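The chain that follows stands alone, in the form predicted alone, written as structure tokens.
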């Protein structure tokens, strides 16, 4: 099998594009987190994120998140085309600062929960979910 110069160039550009794509997906997730936190430092811990290690179908991945003392919690899926998945806001009369839902994941990726605490600080937790069948057109 012989490749022409044009085909070789196309393969090379395609490979370069594929290596850059995951970086842009992570950059979009970082942008969403920065918009939520206003650029403030985010500490690890203080948030409990429960997600399956392996999801057979990316269309319905169950997650649970809790952060005692949180005013709001942002859920981000780093590998999705639109990384911001959900934001939960809790009022002063909320019995618990916890939520559970099902989310859609495009493929294997990190799910990140960032909580804004009542004192204005931020905390985060993350979990990697391996998806066998992607939910966002994959």
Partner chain sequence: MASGVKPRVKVPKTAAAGEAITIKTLISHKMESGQRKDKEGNVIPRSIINRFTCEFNGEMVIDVTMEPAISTNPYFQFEATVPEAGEFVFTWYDDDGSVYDEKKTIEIA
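Quick caveat, the model's predicted, so the values are computed rather than measured. Positions refer to the first chain, counted from 1.
Unshown form predicted together with its partner chain; subsequent notes refer to it.
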Partner contact for residue 59 in the predicted bound form: its partner chain, 4.5 angstroms, heavy atom: yes
Test of understanding: in the predicted bound form, would residue 88 fall inside 4.5 Å of its partner chain by heavy atoms? yes
Would you check, heavy atoms only and a 4.5 Å threshold, whether residue 94 touches its partner chain in the predicted bound form? yes
4.5 Å heavy atom contact, residue 84 and its partner chain in the predicted bound form: yes
Could you check which residue among 33, 47, 103, 111 gets a heavy atom within 4.5 Å of its partner chain in the predicted bound form? 103
